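Take a look at this single chain, the form predicted on its own, given in structure tokens.
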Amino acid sequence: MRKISLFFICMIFTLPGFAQRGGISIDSIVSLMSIEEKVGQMTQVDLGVIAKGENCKLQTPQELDLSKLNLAITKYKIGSVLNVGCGSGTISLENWRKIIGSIQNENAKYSRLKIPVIYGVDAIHGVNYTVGGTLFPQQIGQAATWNPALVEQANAITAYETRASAIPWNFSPVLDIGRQPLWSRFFETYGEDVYLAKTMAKAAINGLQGKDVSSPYKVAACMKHFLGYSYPLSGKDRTPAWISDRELREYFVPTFQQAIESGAKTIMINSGDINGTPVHANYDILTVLLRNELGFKGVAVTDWEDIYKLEKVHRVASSKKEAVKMAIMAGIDMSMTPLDFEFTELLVELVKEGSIPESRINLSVKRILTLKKELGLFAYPFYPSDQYPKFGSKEYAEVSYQTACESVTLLKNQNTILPLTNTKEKIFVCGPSANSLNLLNGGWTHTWQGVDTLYNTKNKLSILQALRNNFGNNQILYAKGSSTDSLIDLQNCINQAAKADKIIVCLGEIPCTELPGNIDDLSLPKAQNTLVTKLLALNKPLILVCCFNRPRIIHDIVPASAAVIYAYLPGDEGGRAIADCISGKINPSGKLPFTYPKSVNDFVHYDHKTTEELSTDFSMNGYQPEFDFGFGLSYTNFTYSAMEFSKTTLSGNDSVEVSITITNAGKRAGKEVVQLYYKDLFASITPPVKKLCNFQKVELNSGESKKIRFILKKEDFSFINKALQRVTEAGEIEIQISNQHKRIYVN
């Protein structure tokens, strides 16, 4: 490994032009470029196009085909490569550096202007395509921590390990709002609430990019998927969304706006359509809104093959050539082509025949070259391997463990059955996620869909293994009982459970994302429901552990269960975190970042309108979720003092301080999320019954108290009005913390 590192260090410093050209102006480079070279910069191909084997059937471990690479560089002058090869899996750290080093070396030999290639990867919840990398909870679990400092730290580690892999560009974070729980990528969101997601978006961008994105330990972030991707009417991936302009700006724009203000360098576009227009061809969204209104100056990249899909799927272009013209003129900078060079050929034709002005191409090329310059790629395409001693370290694993611990959400704890502390009782463990790292990680884990056990990180514990470590092998009984969708030796499972004092059923969902993750409803698979029902008939205390991609309906089995733990997709350290929660080594502090529905069509959010509270008997009891947004129990108790306001009238640029003292009245240390909501009593747009306005997570020892202060301004109570303007209207505002309500007046 040392010899390889030294070889690439020498190679970097002999690449002609790179070190010397770090300070050259982008305009000067563009002025020297041919049309072919410019269009090449706008082309991104999959690793499979330049590797040995066929597309989506690569040789493993992946290895470059130098003849394919030479063609891509000399004829098509490509500017970007992505991922591990369609259908392929994790690459070792050493092989990543060999692959990307060779790409940069060949590019320096054969490209005229020596512009470095930029490599991008889907490091979705850690550097999941590098062997031995640190895997964190998926974004929905990170949101459940309600701890932005921890989310920033997790993303900083992801940036470090991605750059260690010689990759400077990460296609993350997902900033789509999770308001359609049926959607297959729900687990990739930061939940349903705008304020919570905005807060996590800022933390993620800061963690990935830092203050200087050219640092050897930072990467360019890619906010995705602009815009409205997460709210398909059918709930199926890449299907139409019907969203009014006002709702787009109220719910779907703010996370991206926050990321842009935080300096996010790149953005990926929604693969679907909104109100009948594919977003990849929507000038109003990609230029008028994104560029002119939000002020984004970075690179807009397509999702997988989405320009071609304007012809093949959306049917708004009569040919691929027309599709390319539509997308580029709408505002696309780089095409994730990704399996051929037809885009490149067609775009060159369009420019040469005058259908697309070269000035439009120049605009995109300047953005792409600016990104490469800001990342420092002209000087250092990548850095020596010995600069990354913490890659896959125990230190980083502990941050992943802490994130998983703070995400675990205790939803029910009847008669304080948890934690389990009796060291003599027998505990029976079963269910599809009990002994599976894959079901703890979900999609985007070592492979696209995350189902291949071959690539699992070594020495990471499943829930079962971690429970055995905590309680001892003799105390833990196990039988699988069911897969995600089929019963397995049910009678043996019941026989084993009959010998136990407590039962733990670990429910789960098969790892998936995008189209393969589409489902018809949110019902818990029949096999898992049957397994729980049969075990409940034994009349023993039963604990549910839920590891789902999205909230599966558990209403039929919650009432008879003694406890419910919702663990989301907690990552490689999730087994340890769940077991430590059950045994009491940690005190759960996670809070739901979404409203947990009671039935398959009960998609009413916490920030619903008053009309949605009407019940069939005309009472106001219609809003009855299984568990509410922001809910989560602890092994200790917290009490709140009366709220105090610095003033009761808010005018102009003034602010009001809202303070409250929280006390840990229980017998053990714990963390609590102090959540501040507001309600606009009257407004020109029907106001929600409440809306999250601020929050703080605090850790308190037993008996300890702390005063929490929130500073609120008029804009904290703003909304999008009929004229599509963000306004705060005069009137009464009700502030809520816990079960306390107090009003202020806004002028």
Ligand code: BGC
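Start at 1 and count along the sequence shown; that's the residue number. Computed from a predicted model, the values in this text were never measured in an experiment.
One more form of this protein should be noted, the form predicted in complex with beta-D-glucopyranose, which is absent from this view; the next part is about it.
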Candidate spot 192, 591 and 628, all three in 4.5 Å heavy atom range of beta-D-glucopyranose in the predicted complex? no
Among 675, 83, 206, 402, just one has a heavy atom within 4.5 Å of beta-D-glucopyranose in the predicted complex, namely 83
Looking at 296, 119, 229, 252, which has any heavy atom no more than 4.5 Å from beta-D-glucopyranose in the predicted complex? 229
Per-stretch contact check against beta-D-glucopyranose in the predicted complex, the hit in 453-461, 301-309, 659-667, 208-216 (non-hydrogen atom, 4.5 angstroms): 301-309
At the 4.5 Å heavy atom threshold, is residue 607 in contact with beta-D-glucopyranose in the predicted complex? no
Would you please decide whether residue 171 lies within 4.5 angstroms of beta-D-glucopyranose in the predicted complex, comparing each non-hydrogen atom pair? yes
Are any of the heavy atoms in residue 163 no more than 4.5 Å from a heavy atom of beta-D-glucopyranose in the predicted complex? no
Contact with beta-D-glucopyranose in the predicted complex for residue 580, defined as at least one heavy atom pair within 4.5 Å: yes or no? no
Are there residues in 324-349 with a heavy atom within 4.5 Å of beta-D-glucopyranose in the predicted complex, and which are they, in order? 336
